[in-house]
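Quick setup: one chain, the form predicted on its own, written in structure tokens, and binding and motion questions come after.
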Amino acid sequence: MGLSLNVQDLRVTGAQGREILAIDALSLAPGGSLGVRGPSGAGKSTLLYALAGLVRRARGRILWDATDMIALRPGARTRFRRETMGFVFQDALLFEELSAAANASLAASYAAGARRRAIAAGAREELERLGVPSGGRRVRTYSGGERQRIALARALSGEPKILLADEPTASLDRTMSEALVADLTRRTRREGISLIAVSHDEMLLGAMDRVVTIKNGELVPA
């Protein structure tokens, strides 16, 4: 089962000290899905990266169950992220010279022993489940839709409790987008993974349990 989210008085500032994100409260039940919409530059991706513990200038509380991402030391934050989260980036961020399996199992390089083997096996299973052709092909030969499915397989290979997705359908056509959204929601709901997706795609947002809007770094009342 996924983890619950409870954000309290979150403030993120930029390099010049300007406040770029101000979220008084935001919550998500374990295993729920949340869509985040808003204009470009509104702070959607900043929120997602803050939830992952990937921003430096943040204060307030970001509680995943009882773990406060902001209070954790950098090493503990990295460990928590590695053990509990999967992240699907807008750009798939794949290594072009590697195979689909090598890209999907990349996290195994940072794990040890049985955990490494479990991630590699999970990556193979996810690629098969998502219909990505296997073999020795380098990932640069795959289509846009296949590349995003490889990225999704990579995010899911470690059996995460939390999945964060940043504009995962942005570079895809409608057919590919529909397939990716179906893959994303089917897998997370079956496994009870807590899902937060930032997107302009109304089809993806419509598949979420709840949707919030961010403008000028703040949540807009529904």
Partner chain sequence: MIIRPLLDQWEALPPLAQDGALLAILLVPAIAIGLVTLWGYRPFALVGAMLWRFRVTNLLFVLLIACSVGIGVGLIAQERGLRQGTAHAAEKFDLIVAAPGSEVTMMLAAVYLQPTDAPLLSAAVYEEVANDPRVSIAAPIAFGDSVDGAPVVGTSPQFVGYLSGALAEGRVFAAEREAVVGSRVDLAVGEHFEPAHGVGDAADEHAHEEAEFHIVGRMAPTGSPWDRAVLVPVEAVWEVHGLAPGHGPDWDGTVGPPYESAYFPGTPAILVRAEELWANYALRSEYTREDAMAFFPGAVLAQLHGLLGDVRQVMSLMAIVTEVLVTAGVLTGLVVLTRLYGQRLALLRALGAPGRFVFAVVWSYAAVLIATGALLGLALGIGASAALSQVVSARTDIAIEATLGWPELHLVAAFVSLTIVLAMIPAGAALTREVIADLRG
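Only a predicted model underlies this, so the values are computations on that prediction, with no experimental measurement involved. Positions refer to the first chain, counted from 1.
Absent from the display: the form predicted in complex with the partner chain. The rest refers to it.
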| property | result |
| --- | --- |
| Non-hydrogen atom contact Leu94 with the partner chain in the predicted complex at 4.5 angstroms | yes |
| Any non-hydrogen atom of Ser109 within 4.5 angstroms of the partner chain in the predicted complex | yes |
| Non-hydrogen atom contact Leu54 with the partner chain in the predicted complex at 4.5 angstroms | yes |
| Contact label in the predicted complex: Leu98 to the partner chain, heavy atom within 4.5 Å | yes |
| Triple contact flag Tyr49, Arg116 and Arg154 to the partner chain in the predicted complex, non-hydrogen atom at 4.5 angstroms | yes |
| Per-stretch contact check against the partner chain in the predicted complex, the hit in 60 to 68, 173 to 181, 191 to 199, 39 to 47 (non-hydrogen atom, 4.5 angstroms) | 39 to 47 |
| Interface residues of 182 to 207 toward the partner chain, as seen in the predicted complex [heavy atoms, 4.5 Å] | none |
